[in-house]
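Below sits a lone chain in structure tokens, taken as the form predicted alone.
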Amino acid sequence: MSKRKSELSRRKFLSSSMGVVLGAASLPLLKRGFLFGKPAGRKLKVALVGTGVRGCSTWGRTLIKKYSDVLEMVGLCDINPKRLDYAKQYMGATCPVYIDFVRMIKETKPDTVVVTTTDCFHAKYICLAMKLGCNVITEKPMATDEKMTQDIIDIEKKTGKKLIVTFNYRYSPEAIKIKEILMSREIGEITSVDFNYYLDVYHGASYFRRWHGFKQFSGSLLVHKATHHFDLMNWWLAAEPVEVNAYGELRKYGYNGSIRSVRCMTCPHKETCEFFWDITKNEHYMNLYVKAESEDGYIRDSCVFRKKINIWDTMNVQVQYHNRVTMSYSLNAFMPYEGYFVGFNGTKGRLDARVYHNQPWKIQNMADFRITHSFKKSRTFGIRSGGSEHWGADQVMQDQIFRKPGPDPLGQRAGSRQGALSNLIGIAGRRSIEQERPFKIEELVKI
């Protein structure tokens, strides 16, 4: 058999068999229904590590206010004692607080640990929690490099504990609508995808003010931010990535600036810098970060033009999937508006979706859709936002985790495999940029 025919046969086998594998991979999550099984006769005991904005709000205050009938917050952990004390007050928590994570686990004996730390420490606490007998809920990305990803996969298998990765984007109204259209096969079999994501000069710039601006902490925006988008695509296509090729540059922030300082709050260029951000107008941030600086030195309003910033703000990625679908993806972090355009090319037509987040003009819909059938006219329609906290997605996701057992017809629940395959696209993309060559997923991790 020729090399080309052999490769085509291999692809055909993968295309038919991987659908079964993907379906089987989600079965353990479906069977559990209520996350990890509700303890008989008592509430689920939850501990939180990482009390930044996301930890304080979505996984702290919200859980205590909306889910106290089914769970109990038994411990809070953070390396910064001042931030920890304020976070406890802000959440309305009554549990003890800890600087030492292992001590918290041993003393409070939680069933589940929620991880919302700086990205580069996710794997550390996920693995520690599982070794100490806990199941884990983690914010994305699951890990920031291939070794951390492999460690999580291996330790989950060894301990028998389970991990949920909170891909809230799967629960947004427009993402659900796209999934439903693709599952209906209205445009036939998908052959390729165009996916362009835009961060505006407000949200996009915020990543360059924070720890996210350094690869050693965030893995770059290809890992921290684009993990969301790569997971969406994996989920939409019900496919697994095989090879990644990427390009990236820093074109706006970092060393590109003509003026700079240490931070906005004390900057001598306040009157002239387009990116000046006044943190003093946000009482929550002042209490959570500025008043806690003396403990760890972390500055929340750092200059976006720091010369040491080493992530990219302009990225392009090509992904090949096991089922022969190819995706062209771009992420730009200094656009005048925010949202994304995605187009699915199928054997029977094309689906276009334009999703609006932040924009300088008033719109009626959150997302506009166009379905164009081959040899037929287009059909257009729009949908609106689902509500607050990521367009209502956070509450839908948490309801599914904590309240609603049973079937998961859209396959929205995500575990370690889904977490790995999403962040590995970003990790492979980062390696591709750094080494100037394509990367196969199997080069990085054995799943």
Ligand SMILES: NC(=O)c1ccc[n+]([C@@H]2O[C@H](COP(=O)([O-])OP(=O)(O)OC[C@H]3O[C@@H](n4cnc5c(N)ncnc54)[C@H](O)[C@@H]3O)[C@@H](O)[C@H]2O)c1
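Note that the structure is a prediction, hence the values are computed from the model and not measured. Note that residue numbering follows the sequence shown and begins at 1.
Omitted here: the form predicted in complex with this ligand. The next part is about that form.
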Item to check | Stretch in contact, per heavy atom within 4.5 angstroms of this ligand in the model of the complex, of 210 to 218, 240 to 248, 341 to 349, 304 to 312 | outcome: 210 to 218
Checklist entry - Given that this ligand is left out here, which of Met335, Val102, Met265, Ile79 has a heavy atom within 4.5 Å of it in the model of the complex? => result Ile79
Item to check | Listed residue that, although this ligand is not shown, lies within 4.5 Å of it in the model of the complex (heavy atoms), from Asn234, Ser206, Asn323, Thr117 | outcome: Thr117
Checklist entry - With the partner left out of view, is Thr149 within 4.5 angstroms of this ligand in the model of the complex by any non-hydrogen atom? => result no
Checklist entry - Would Tyr298 count as a contact of this ligand in the model of the complex, using a 4.5 angstroms cut-off between non-hydrogen atoms? => result yes
Checklist entry - Using heavy atoms and a 4.5 Å limit, would one call Phe276 a contact residue for this ligand in the model of the complex? => result no
Next on the checklist: With a cut-off of 4.5 Å between heavy atoms, is Ser422 one of the residues that contacts this ligand in the model of the complex?
Outcome noted: no
Checklist entry - Is it true that Val49, Arg83 and Glu139 each have at least one non-hydrogen atom within 4.5 Å of this ligand in the model of the complex? => result yes
